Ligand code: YXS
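As a starting point, one isolated chain is supplied in structure tokens, in the form predicted alone.
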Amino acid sequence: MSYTQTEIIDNFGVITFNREDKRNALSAALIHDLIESFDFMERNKVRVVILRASSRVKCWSAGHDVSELPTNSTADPLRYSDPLELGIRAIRKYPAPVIAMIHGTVWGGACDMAVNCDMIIGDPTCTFAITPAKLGVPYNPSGILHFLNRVPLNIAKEMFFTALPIDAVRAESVGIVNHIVPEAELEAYTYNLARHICQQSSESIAVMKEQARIIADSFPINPETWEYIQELRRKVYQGEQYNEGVRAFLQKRVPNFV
């Protein structure tokens, strides 16, 4: 079974999450299929990719598959080689625009994945929540930077500290979403936007996207500061609150962060 469905329409491609029974949770298997889908699009020189879920579902994605997070207290839950990180890098480095078409709720790591798309088009049902604080996960520096590149600092802090969803209207006002359109028009609007982009210079767009990625990531940190950040994170994921957060999620109860 493939956890993504891939098709090419005109000169743009559509990748659809296909794990509805698990609310499109971003498992290693789904990310593997997602990366293969992007590789397929690149081989076929697809000039815009739309990332979406089925219109039937109320959850675009439930985020990182928590059942796959490490349960011992020595491993970094968001290491460089984590499948979620690999999937996000595939989106960021794809040499053409990636548009997230969002109907429904977006949670946790899926929120990180969505904000790394070049544009987000949503309908009034869409909400966005970044939820590591619910699990006791010390989010990684690159993930925090992704949000700082998208929204003002105080909004990013609110999202990370409260883990509460931001609704469609506010998501558009703070810059998470490019456009909110009526639910019945979401697919047509997004597909027409992709067709319009396909009429522009693909070489120009590819180099501008890569420049934007490099410039946005150009925050110099000296080695001592980087080691300090990693030590801060290590104290959390090797601590009891992280283990309690993951256990509570899997047991479907409220965590007891004492």
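Only a predicted model underlies this, so the values are computations on that prediction, with no experimental measurement involved. From 1 onward, residues are counted along the sequence shown.
One more form of this protein should be noted, the form predicted together with this ligand, which is absent from this view; the next part is about it.
> Tell me, which of Val98, Ile88, Val137, Leu186 has a heavy atom within 4.5 angstroms of this ligand in the model of the complex?
Replying inline: Checked against the cut-off, the match is Val137.
> Of these, Val66, Cys198, Ile35, Ala216, which has a heavy atom no more than 4.5 Å from this ligand in the model of the complex?
Replying inline: Going through each option in turn, the one that passes is Val66.
> Taking heavy atoms and a 4.5 Å cut-off, does Gly108 contact this ligand in the model of the complex?
Replying inline: Contact with this ligand, yes.
> Is there any non-hydrogen atom of Ala25 lying within 4.5 Å of this ligand in the model of the complex?
Replying inline: Within the cut-off, so yes.
> Should Ile130 be classed as touching this ligand in the model of the complex when contacts are defined as heavy atoms within 4.5 Å?
Replying inline: Flag for Ile130 set to yes.
> Using heavy atoms and a 4.5 Å limit, would one call Ile31 a contact residue for this ligand in the model of the complex?
Replying inline: Ile31: no contact with this ligand in the model of the complex.
>> When this ligand is placed as it is in the model of the complex, are Phe40, Arg43 and Glu203 each within 4.5 Å of it, taking any non-hydrogen atom of the residue?
In response: No: none of Phe40, Arg43 and Glu203 comes within 4.5 Å of this ligand in the model of the complex.
> Taking the partner as it appears in the model of the complex, which of 225-233, 187-195, 54-62, 206-214 has residues with heavy atoms within 4.5 Å of this ligand?
Replying inline: Every other range fails; the passing one is 54-62.
>> Only counting heavy atoms and a 4.5 Å limit, does any residue of 143-158 reach this ligand in the model of the complex, and if so which ones?
In response: Contacting residues: none.
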